Each structure stands twice: as structure tokens, then as C-alpha cells.
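Here we start with a single chain on its own, the form predicted alone, put down as C-alpha cells.
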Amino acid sequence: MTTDDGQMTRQMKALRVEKNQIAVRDIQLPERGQEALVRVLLSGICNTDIEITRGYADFKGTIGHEFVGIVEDAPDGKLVGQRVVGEINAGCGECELCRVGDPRHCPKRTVLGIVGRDGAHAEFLRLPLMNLVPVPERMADEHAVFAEPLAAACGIVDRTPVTKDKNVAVIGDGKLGLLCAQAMALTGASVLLIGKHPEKLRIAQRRGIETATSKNATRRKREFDVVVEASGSASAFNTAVGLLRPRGVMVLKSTFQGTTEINAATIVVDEISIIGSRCGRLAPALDLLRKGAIDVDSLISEEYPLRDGLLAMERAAKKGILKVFLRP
């Protein structure tokens, strides 16, 4: 394809949300600019991607934020040819948070495939060089792509202490809930995973984690110091409140389109703390994956070529399906 001035432009495929519709489209390859250009090897569909198609974050563009890829070009040649994963928050580089190396809450940040920045369900993406983290040589792409969601699970301990003397409940036996339960178990805490699907709960059981159905968990009211809500369901909020001891901590991991009704009186009377937890750091997550400390193989359901992105999204939204990959 040529532009009006006769210059050649390169095209690529990308899974995009535009005008309330999702489609695989041919778009122009992103220009590197002052950032790194990454060729995507594999990307993972997240529940956030599904919620974006329903209107969450009012995002328009290429979706996806879980990926592993190879650096094709960079401003100084650094990392070119290396496999990488990427921190998804790109800051302004000038505010106080950015100056200390943490752009996760930069007021001007863009977020890969979520806020103001085209994402990873594409043949190529752009990110600042400082966002990229090299992948260990022998790590499979299918493991490396879990670095971002595992980092989010590990990030819980950055928001509230989780130690071996704590009783922790994780609500939700989907991809994120299973990662959260495994990450919390590594702290030495007593962990209960609450879910609805026996085949998913067995994944946690194989790692020595206690499990319960949603119905059985209601018998353990006011038993837990920390409850992690990772179900993606608004109704789970009140379930979490009921499980917490007075002065317990609720950690909210779910992001979804819509609103949540809360019983504020119970939160006040029991002095419950509510904490949001979003992104963690990739390097510690990669280290856990390198050591085999987290079972991610059991979380992989299906893989599709990028051209079948619509089908892949439909499959990822089905009950019982865990991680669905897209391969450009």
C-alpha cells in the first residue's frame, strides 16, 4: 500500500473495538517513534478484554494487554532481537510517580489495550523501552504470557500484608482467581479458594489449596482476615463482606462494566478495609514462572490464530473456559 506522497506503508492485523463493534481489521503498522516496536508472538485474552467489548473503560482501538513478543526495533538498539513481556502502564515520564519508576498511577498514563494505547491482540505493538522485561531463555511463550496476570495476583501483597498467620479466602475460580490463590499460598497463609466449577477447583487442590463451593463457603462467615474478590461478579462483593472478620481486609481485583451495590452499614460497623489492587511488577512474576512455582499449564484452554479473533473472544467468554491464546 502507498500513501499520497508515494511512500510505502506496512499493514498488520489487529483485533479492535470500534463503534461498539469488535472485528479483526487490517491497520497500519505502528511507527516506532521514541518507543520500542515489538512483534507479538502470543497474546492472552483476559476478562478485561471481554468487559471492554461491553463498554468498560470506553476504550476504542486494539485490545489486549497480556503478551510475549520479540523486540524488532528500539531507539538505541537495546533489547532488539530479545523476547520480552511488558509492563502495561506507560507514564508521562515527568511526574513524581514516573520519576521514581512507577507509572502505574501517572495521571497522564496510557494503558496497553485499555486506556489510550493500542494493545497486544495484533501483529505488532509499541511500548516504552523501560516497560519491557526480558524473558528467560528456556521459558515457553505459553508460560511467559502469564507474566502480566500473575504479576497482578502477586501485587496483592503490595497492598496489604499476607503472612503465614493469616486466613485468606479468594472468591472466583477463573483464571485470575486461580492465580491469586496460588500466589497467596506461596506466602504461607492458609488459603481457601471459593468457586462454582469442580474441574477448576481441582486445579487449586492439586497445589494443596483448600477449596469450597460458593454455597458451602457461606457457612464460614466472619472467619477470614483477608478476602480477595476475583470473580468478576458484582454479587461477590457482599459475599466477601460476610466472610470477613471485624477489621478484616477486602481486596478487589475484578474490573467489569456496571456498578456494585454495597451494604455500607456492615462495612462501618465491622470496620472493614476495602482495597483496590490492579497491576503488579513483572520481574517477580517471571521469576515464579521460571521456578515452576505456579501452575499455569492447567489454566490453558485453547489457542486460535489472530485472524479468528472473534471466535476466540466468543470462546473465552464461555463458562468453563480458562485462558485462550491468540497467535498472530
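Here the structure is a predicted model, which is why all the values come from computation and not from measurement. One rule holds for the numbers: they count along the sequence shown, beginning at 1.
Below: the form predicted in complex with another copy of the chain, not depicted.
- Partner contact region in the model of the complex: 263 to 271, out of 31 to 39, 285 to 293, 263 to 271, 62 to 70, criterion any non-hydrogen atom within 4.5 Å of another copy of the chain.
- For the three residues K13, N20 and F124, a heavy atom within 4.5 Å of another copy of the chain turns up in the model of the complex in no case.
- For the options K215, R99, R202, H105, the one in contact with another copy of the chain in the model of the complex, meaning a heavy atom within 4.5 Å, is H105.
- Though another copy of the chain is absent from this view, in the model of the complex it lies within 4.5 Å of a heavy atom of just one residue from P246, G188, G81, P136, which is P246.
- Under a 4.5 angstroms non-hydrogen atom cutoff, another copy of the chain in the model of the complex lacks I27 among its neighbouring residues.
- Although the partner is absent from this view, K253 contacts another copy of the chain in the model of the complex, with a non-hydrogen atom inside 4.5 angstroms.
- In the model of the complex, another copy of the chain stays beyond 4.5 Å of every heavy atom belonging to G55.
- Shown alone here, G258 lies within 4.5 Å of another copy of the chain in the model of the complex, counting heavy atoms only.
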